[in-house]
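Quick setup: one chain, the form predicted alone, written in structure tokens, and binding and motion questions come after.
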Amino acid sequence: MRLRTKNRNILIGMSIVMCLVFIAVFAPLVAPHDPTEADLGARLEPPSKEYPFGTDHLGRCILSRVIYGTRVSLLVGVTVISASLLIGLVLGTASGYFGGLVDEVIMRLVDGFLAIPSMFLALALAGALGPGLTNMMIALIAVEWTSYARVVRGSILSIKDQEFVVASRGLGAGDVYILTRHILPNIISPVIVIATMGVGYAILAAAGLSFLGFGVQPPTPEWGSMLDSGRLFLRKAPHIMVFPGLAIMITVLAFNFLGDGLRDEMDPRFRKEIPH
């Protein structure tokens, strides 16, 4: 796979994502204050030189909490999509390649999950499991894997009867060889694109669950829970909600830009010639 580095969407998305990764890794060095340290004497202060993003209702530095919140959001996004992709890849491959009863059982399971709106299902699962980071990720994985299973199955159905696969089967190649050498390498591109955009959606969904009280619990800094804690002070101190909201928006946009760029490069139908 060869990516053209002149693709604007890839450059923008990758630059922002790399900055977010840097901030998450070096949060203790970048953050100006302890994100959980309260100072009631400095509560609800507007942005200033000491507190560039201001302080919240407990006097905690919002900039520091946004920086540390990057760790949680990226962890959730990458973990949820990686696990969902793995489950969807295994079940979608089995469904599309073997067909028959295997396909029927897996697809009816997928249809059952898709019959319920994804956010409602995630809320129900998170509520049943209880609040917390791990339970929130389990709820999101249970919702997300179905889309990858369907994409993988559809891609395999479109390629498994092509000439090079039939020829390999005629020469005596086994199922494992055909899958690993011929089918999976030819279907991975759309899966990568969807997974890249899925990271942004998972971060947005996690922030929504935390905002509703089903995700990460205080005092752990997380963008969704920061929005929840600041909504009571929206008129008096709007900065409490503005900066976490901007962090969510920028992060989701970055992964969407990256996914759009990868789609343009990997799918010939969207590829545009870049002048030299």
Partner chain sequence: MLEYIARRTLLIIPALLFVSIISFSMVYLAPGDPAEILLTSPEGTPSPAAVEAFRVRMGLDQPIYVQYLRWLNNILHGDFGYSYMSERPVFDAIFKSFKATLKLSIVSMFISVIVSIPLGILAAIKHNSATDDLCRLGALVGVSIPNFWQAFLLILLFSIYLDWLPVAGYGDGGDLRHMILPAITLGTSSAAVTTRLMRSSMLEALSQDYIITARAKGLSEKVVVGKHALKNALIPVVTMLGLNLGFLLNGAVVTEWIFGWPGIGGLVVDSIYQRDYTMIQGSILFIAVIFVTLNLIVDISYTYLDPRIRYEAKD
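Because the structure is a prediction, the values reported are computed rather than measured. Residue numbers count along the first chain shown, from 1.
There is also a form predicted in complex with its partner chain; it is not shown, and the following applies to it.
- Contact with its partner chain, judged by heavy atoms within 4.5 Å in the predicted bound form, is confined among 111-119, 94-102, 160-168, 77-85 to 111-119.
- In the predicted bound form, D264 approaches its partner chain with a heavy atom inside 4.5 Å.
- Taking non-hydrogen atoms only, A128 approaches its partner chain to within 4.5 angstroms in the predicted bound form.
- Not displayed here, its partner chain is approached by G245 to within 4.5 Å at the level of heavy atoms in the predicted bound form.
- Although the partner is absent from this view, F214 contacts its partner chain in the predicted bound form, with a non-hydrogen atom inside 4.5 angstroms.
- A heavy atom within 4.5 Å of its partner chain in the predicted bound form is found for one listed residue only; from P28, P219, P52, P238, this is P238.
- For the partner-free chain shown, M241, V242, G245, L246, I248, M249, V252, L253, N256, F257, D260 of 241-262 come within 4.5 angstroms of its partner chain in the predicted bound form, judged by any non-hydrogen atom.
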